[in-house]
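Below sits a lone chain in structure tokens, taken as the form predicted on its own.
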Amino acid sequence: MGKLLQNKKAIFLFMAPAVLFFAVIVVAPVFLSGYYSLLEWDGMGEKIFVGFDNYARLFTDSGDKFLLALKNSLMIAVFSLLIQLPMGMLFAIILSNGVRGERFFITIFFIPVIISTVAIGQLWGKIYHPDYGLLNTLLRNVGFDRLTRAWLGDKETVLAAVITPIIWQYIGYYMLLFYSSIKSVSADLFDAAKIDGASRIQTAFRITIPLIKPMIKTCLIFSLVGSFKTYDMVCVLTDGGPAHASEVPTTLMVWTIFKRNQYGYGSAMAVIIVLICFSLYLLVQKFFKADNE
């Protein structure tokens, strides 16, 4: 019994720094944001308690920018689920079947993940440039001049122009996660399916995908939560413009707090973002739990 208690003390001693660091960096700011969200405060002057008025403003006519930002994040999440994850899984399944140059292709697909998002944003900003951008230049050269436009300056196209590099950057990330999960499945199962005459499509849907459900769940959580936490790509490409057409909750929150000095109102946005991300996590967990049952 004494040895067990000593082990527990050792475990606590080694965990304490990490737990303390997590509490200071993550937990404390969340509770502080919750406190600030109940105030009308400019960051320096008098704090005026207003209760849940800031939250009410987010979902009324005065908070239409926040509702638009939520809608844009939802669009990013939808395209991530419909394009990013399926393409990542498709590439993983193809590469796990022993394609020639397998390691080379894995490296190539993963390169965008390790490049700074700021650098990628600058790159795509040049691609979208209305005068010398690669996209408009290509359209002119093939005779589609009427399709050229200021992709990041047009409210009709800006959101799609922002979503495209976000999806492109992280396809390789999800591909690698799916690939590692597929490689952990016993090769005997795939050999048995091949002997039984199963096609590659049948093997993928009846063996591969069911056996990597834990990784699918993880990727769904990363994708959904990441969509509502998106900031850097939008900030670099458009900073939420034009006229808030590409605004997401994080960019609107930063703009509200640091440019308009509305710390209470901006903190209410931060709390809603945290609650949405946590709710999405619970929703995915519940879905897969029900599916397993």
Partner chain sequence: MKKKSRRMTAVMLAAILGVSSLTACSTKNEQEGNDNSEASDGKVTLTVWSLYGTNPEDKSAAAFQEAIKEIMDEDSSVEIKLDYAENEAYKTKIKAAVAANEAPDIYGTWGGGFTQPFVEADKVLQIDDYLTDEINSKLLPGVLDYYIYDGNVYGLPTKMSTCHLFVNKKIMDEHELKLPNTFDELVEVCKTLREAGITPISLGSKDRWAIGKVFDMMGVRACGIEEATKILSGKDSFNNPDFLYAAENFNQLAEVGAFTENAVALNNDEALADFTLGKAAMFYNGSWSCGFINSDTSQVKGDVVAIPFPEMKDGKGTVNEFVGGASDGFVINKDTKYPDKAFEVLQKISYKMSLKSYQNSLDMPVWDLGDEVDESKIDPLFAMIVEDASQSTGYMEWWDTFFEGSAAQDYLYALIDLSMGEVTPEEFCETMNGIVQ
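Numbering follows the first chain given and starts at 1. Rigid core here is just the name for the largest C-alpha set that superposes within 1.5 Å across the two forms. Quick caveat, the model's predicted, so the values are computed rather than measured.
What follows is about the form predicted together with the partner chain, which we do not show.
- Proximity of D239 to the partner chain in the model of the complex falls within the 4.5 Å heavy atom cutoff.
- Although the partner is absent from this view, F144 stays clear of the partner chain in the model of the complex, with no non-hydrogen atom inside 4.5 angstroms.
- At the 4.5 Å threshold, heavy atoms of L123 stay clear of the partner chain in the model of the complex, well away from it.
- Mapping the unseen interface onto this chain, Q262 counts among the residues with a heavy atom inside 4.5 Å of the partner chain in the model of the complex.
- When you look in the model of the complex, the only residue of L95, L152, I212, L177 with a non-hydrogen atom within 4.5 Å of the partner chain is L152.
- Note that among 104 to 112, 69 to 77, 164 to 172, 131 to 139, the stretch whose heavy atoms approach the partner chain to within 4.5 Å in the model of the complex is 131 to 139.
- With respect to the partner chain in the model of the complex, the three residues P29, Q202 and F228 uniformly fall beyond 4.5 angstroms at the level of their nearest heavy atom.
- Comparing the forms between this form and the one not shown, the C-alpha position of V19 differs by 2 angstroms or more, with the core used for superposition.
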